[in-house]
Every structure is written in structure tokens, then in C-alpha cells.
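Presented below, as C-alpha cells, is a lone chain in the form predicted on its own.
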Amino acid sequence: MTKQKEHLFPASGMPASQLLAWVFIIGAGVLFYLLPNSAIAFIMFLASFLVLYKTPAAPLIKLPVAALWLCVIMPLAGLQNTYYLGVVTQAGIYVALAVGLNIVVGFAGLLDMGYVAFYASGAYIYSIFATTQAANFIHFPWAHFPISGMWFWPFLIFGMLIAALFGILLGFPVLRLRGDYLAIVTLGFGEIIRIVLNNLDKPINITNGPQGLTPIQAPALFGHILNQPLDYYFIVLVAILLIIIVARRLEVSRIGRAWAAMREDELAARSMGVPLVKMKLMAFAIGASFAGAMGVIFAAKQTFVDPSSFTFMESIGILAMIILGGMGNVAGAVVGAVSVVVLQLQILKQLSDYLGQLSAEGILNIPSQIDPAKYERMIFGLILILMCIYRSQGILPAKRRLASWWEQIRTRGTKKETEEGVDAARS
């Protein structure tokens, strides 16, 4: 009876909810293409990817639609509105960072509060050589700095390797730590890296200290300089695609199962033969390598880096993204990162501009002290509090965690019914 009611459109051969979902997905893409300057159309376009993910359809249908939206609709709209293209590119960088941190926190259950240190290592390893800074301490006749943009591609690998090395160096001292102690040590590691970068301008000037490094060479491919917003969009898009594929393969592999066992109970995992030391170091190294690669892209895109770009709050922001989206789920990390960046760069900014315009026209008298953009961290904090209270598993919970959550509810319900039955028998 229920199935007959769902098929309100018999000519389409699909349930009404699914048909409406496809109408929204296609309509959002077309609307954003026609109105690339509309904030509502932009948000609907981003929301269409979540609807597409949740819609029950074969991957052979979903993937071409997602590819069309990302590779055709977004670039065409971005050519007319580079601001939204920049927002999506920035969101993409944080998507990759969130997926990397999700491997450490969500898959392996290791709380890392200094994740931004790996991001900084990738950014600085490219920036030092892609500017004239390396000439201060490298004095070889055949070495010329800055290096050309063609070196950007090898430095993506170098950035991953350097960050992975830092991840292993961080992993060794914290192998026996858990919970609050692990968080404190990783937090200290992140701050140490930032302080070192800030003070490594003497006695040998390597990082140029708080003044930062600029101008950083843009990537080049076959002699063409890739310094346009659309170029960085596609670079980030390809990087995200590769990172998500690797993360998904790791999640369902033997390594991913070992991480899950270690996350749930280390003693039981050790009893089952899981090499905890190896698995922990692997989690730190792989998660850090993703951050190192994105640090290289970030440095090339910004053409300027300094230690203030890699503060403790950056690590907190990335951690908030995976908490919001859903720990242990790659799709949740993507949704959380996009939601936070769009809220920060688009919704709050647009709301502040709109309220400022109303105040300038004399329609409303809104003091500048209550500008929504100034309360960004407070709004993020309220969102996280509400999520922890009402949806602690995140927007898109991991399937294993969701199954465990439902099992706990059933167990509690059965226990409660048993206790009520005992009480009734006694009375």
C-alpha cells in the first residue's frame, strides 16, 4: 500500500520523492548556470550535490551528473563570477584537509589538534624554493631561485613526503598516549612548528620569519602559466578526486578495518593481531601527506605565506568540519568542510553586506558591533553544540558508527523493557 502511494507519477516509473530530488538537482544546476551572480542559486547548486549523494540511484547515473556539474556548469558560471569560483576552490582545499584529518581522527580514533603543522610544512617547502628565499642558504653555482613553475608538480610529491615524515615524527612520541594527553601533545606540536617558522629567520634566514614569503611562482604546464582562478579550481578538483579515491579505498581495505578495530578497542585489536604501532604511524603519515600536498597548492594559489596562516584555530576549524559532517565518513568530511567554508565566506558575508546596506539606506539602525561576520566563531560554536546535542553522529554519520548507535538504542530499549517487566512482576 505504501509503495503504491509513493508512485504518484506512474509515467516516470519512480517514486515521487526520487523524482522531486532529480528535479531539484537538474533545476539547481540550470538555475546557477543562468544566474551565476545569485547567492541563492549558488547555495542551491552546492546543496544539489548532497541531494544527489542521498538519492537512491546507480553510480553510473550519479557520477556523470556530478562530473557535468563540476567540470562544465561550475567553470562556465565561474567565468562570469570568479568570487564563487574562489569560494568553491577554497572549500575544495579544506575538503582535502578534512578528509586527511578524518583518517587520523575518524578512521583511527587518534585526536590530532596540530594538524595544521603538516599543512604548513607543505606550503613552506614549496614557498622557500619558489621564491628567492632559498638563495640565502643554498650557494651552488648551478642553483637558480626561484625555481620555475614546472617544479610545482614534483613539489606536490615532496610536500607529501615531508609532511608524512613530520607525521611519523609526531606519531612516535604519542604511541602510548590517548584522549586528553594525545590532544595536548599534538596541540603543542602544531604550535612548535608555527613558532619555528616564525623565528627561523636567524641566524640563517630560511623562512623569512613573520614577514612571510612572496611572490611564489605559479604552476606551469607545458610552458603555460596556470595562474587563473579556473586553473586552480581544476588543480584542486583533481587533487580532491585522488584524495577521496585513496581515502575510500583505505576505508574498505584491511588497513581501514585495522584502524576501525584500533579505534573501538585497542586491547581487543592487539589481541586480534593488529600491529598498533604500524597502524598508528600509518594513519599519521597518510593524513599528514594529504595536508602537505594541499599546502603546496595553497602557497601557489595565494602567492604569499606567513606563519599567521597556520594557527591553532585552523586545526580547530578543520576538526569542527569533520565533527559537523560526520567522523569516520569521507562524504561527511566533504559536507562538513563545504558547509563551514560557505557559511564563513558566503552566508555570513552576504548577511553582513545586506544588513550594512539596510543601515546605509536608513531602513534599519543596526550597530556595527553586531555584525554577523564578527561573530563567526560564536556561530560555529553554537552549531557544534546543537550538533552534539541533537545529532552527535554528524550530518552524514559513518555507516558502521550509525549501526553501532542503533544497536545501542535497541539494547537500551530491551533493557528498559526487561526492567519494566521485572517491576511489574514484583508488583
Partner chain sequence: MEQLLHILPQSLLDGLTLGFVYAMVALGYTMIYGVMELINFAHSEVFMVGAFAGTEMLLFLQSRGYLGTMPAPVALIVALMAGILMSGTLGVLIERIAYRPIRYAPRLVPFISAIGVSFFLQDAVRLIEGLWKNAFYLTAPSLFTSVITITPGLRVPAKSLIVILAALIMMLALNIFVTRSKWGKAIRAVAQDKETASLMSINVNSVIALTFFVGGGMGGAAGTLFATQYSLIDPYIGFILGIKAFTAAVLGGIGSIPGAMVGGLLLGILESTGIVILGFATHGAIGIEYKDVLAFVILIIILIFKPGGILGEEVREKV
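So that the term is clear: the rigid core is the largest set of C-alpha atoms that superpose within 1.5 Å between two forms. Owing to the predicted nature of the structure, the values given are computational and were not obtained by experimental measurement. Numbering follows the first chain given and starts at 1.
In what follows, reference is made to the form predicted together with its partner chain, a form of this protein that is not presented.
Undergrad: Determine whether any heavy atom of Asp353 comes within 4.5 Å of a heavy atom of its partner chain in the predicted complex, and answer yes or no.
TA: So Asp353 does not count as contacting its partner chain.
Undergrad: So in the predicted complex, is its partner chain close enough to Tyr181 to count as touching (4.5 Å, heavy atoms)?
TA: Judged by the heavy-atom cut-off of 4.5 Å, Tyr181 is in contact with its partner chain in the predicted complex.
Undergrad: With a cut-off of 4.5 Å between heavy atoms, is Gln228 one of the residues that contacts its partner chain in the predicted complex?
TA: Gln228: no, not in contact with its partner chain in the predicted complex.
Undergrad: Give a yes/no on whether Met378 approaches its partner chain to within 4.5 Å in the predicted complex, heavy atoms considered.
TA: Met378: yes, in contact with its partner chain in the predicted complex.
Undergrad: Of the options Pro173, Pro210, Pro154, Pro215, which one has a non-hydrogen atom that comes within 4.5 Å of its partner chain in the predicted complex?
TA: For this set of options, the contacting one is Pro173.
Undergrad: Pick from Leu111, Ile347, Ile244, Ile73: which has a non-hydrogen atom within 4.5 Å of its partner chain in the predicted complex?
TA: The residue in contact is Leu111.
Undergrad: Establish, in the predicted complex, whether Val196, Asn199 and Ile316 all lie within 4.5 Å of its partner chain, using non-hydrogen atoms for the distance.
TA: Each of the three qualifies.
Undergrad: Hey, of 91-99, 231-239, 188-196, 160-168, which bit sits against its partner chain in the predicted complex at 4.5 Å between non-hydrogen atoms?
TA: Contact-bearing stretch, as computed: 188-196.
Undergrad: If you look in the predicted complex, which residues in 254-289 sit within 4.5 Å of its partner chain (heavy atoms)?
TA: Sequence-ordered list has one entry, Leu267.
Undergrad: With both forms fitted on the core, give yes or no for whether the Cα of Leu355 moves by 2 angstroms or more between this form and the one not shown.
TA: For Leu355, whose C-alpha is compared between this form and the one not shown after core superposition, the shift is 2 Å or more.
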